[in-house]
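Just the one chain here, laid out as structure tokens, in the form predicted on its own.
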């Protein structure tokens, strides 16, 4: 009795699956003409990486190497340098989009919000060397998603003034007053 019931359930499940397949096969295909019509992407889609600038027009990247350290496929490389005023910047910055998996970890790791992923996904090509982008190819003239953020206004190049006098900084705690 149990084997007949199991056999009937198996045949029923098989017929339901075939019915679903036949229903989908009988639909009229939908063809989207790609270059003319581009499907709208979700707001949080991640694709090509750009390097943004702060509101003063300076590069946001301070060459801290966090993006290259967190990259699971090691497609980001750079070399740091320092200006006369103490501000760090990448002498060169390179991303290999042939290896990039667009995971967004570099964007999450960046403390200065310099690296941002855009919804532009059209990066295919026949020559693999043309998919290696240099700093000049990645720099944009805006702040991206966080247009008003300025890392050096928050962190500063060097400590100027006393502790507790910087923007949004609390007064220092006297450790001796916390002792019992």
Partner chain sequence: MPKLKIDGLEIEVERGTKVIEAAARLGIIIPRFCFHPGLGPVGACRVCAVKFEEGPVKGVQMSCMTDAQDGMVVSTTDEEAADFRKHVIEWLMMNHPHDCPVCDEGGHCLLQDLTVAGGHGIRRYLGKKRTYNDQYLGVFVQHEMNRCIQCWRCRRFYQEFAGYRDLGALQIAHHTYFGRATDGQLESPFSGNIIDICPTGVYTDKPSRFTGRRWDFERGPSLCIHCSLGCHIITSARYREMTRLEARFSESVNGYFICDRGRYGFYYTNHPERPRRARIRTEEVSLDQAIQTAAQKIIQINQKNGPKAIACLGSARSCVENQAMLIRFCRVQGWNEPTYFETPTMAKKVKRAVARLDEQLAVSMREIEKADFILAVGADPVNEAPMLALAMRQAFRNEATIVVIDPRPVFLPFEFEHLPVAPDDLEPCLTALIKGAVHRSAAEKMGEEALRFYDTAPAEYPDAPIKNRMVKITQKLRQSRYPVIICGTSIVRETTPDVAADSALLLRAARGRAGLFYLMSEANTFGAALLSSEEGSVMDVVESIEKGSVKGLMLVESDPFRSFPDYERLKQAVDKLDLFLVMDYLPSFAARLAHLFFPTQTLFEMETSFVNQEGRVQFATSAYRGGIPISQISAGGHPLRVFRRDIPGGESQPAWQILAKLANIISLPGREMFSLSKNELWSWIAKEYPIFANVPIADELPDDVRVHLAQGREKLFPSGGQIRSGGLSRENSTLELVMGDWTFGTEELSTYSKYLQQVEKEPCLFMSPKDASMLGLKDRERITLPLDKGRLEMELRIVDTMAPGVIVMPKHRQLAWQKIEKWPVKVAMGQIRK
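Just so we're clear, the structure is a prediction, and the values are computed from it rather than from any experiment. Residue numbers count along the first chain shown, from 1. Here the rigid core means the biggest group of C-alpha atoms that line up within 1.5 Å when the two forms are laid on top of each other.
Another form exists, predicted together with the partner chain; not displayed. Remarks below refer to it.
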Scan 48, 113, 138, 64 and let me know which has any heavy atom within 4.5 Å of the partner chain in the predicted complex.
64
The partner chain contact in the predicted complex: residue 102, any heavy atom under 4.5 Å:
no
Taking the partner chain as it sits in the predicted complex, is residue 170 near enough to touch it, meaning that at least one heavy atom pair lies within 4.5 angstroms?
yes
Residue 41 within 4.5 Å of the partner chain in the predicted complex, heavy atoms
no
Does any heavy atom of residue 81 come within 4.5 Å of a heavy atom of the partner chain in the predicted complex?
yes
Residue 72 C-alpha shift between this form and the one not shown of 2 Å or more, rigid core reference:
no
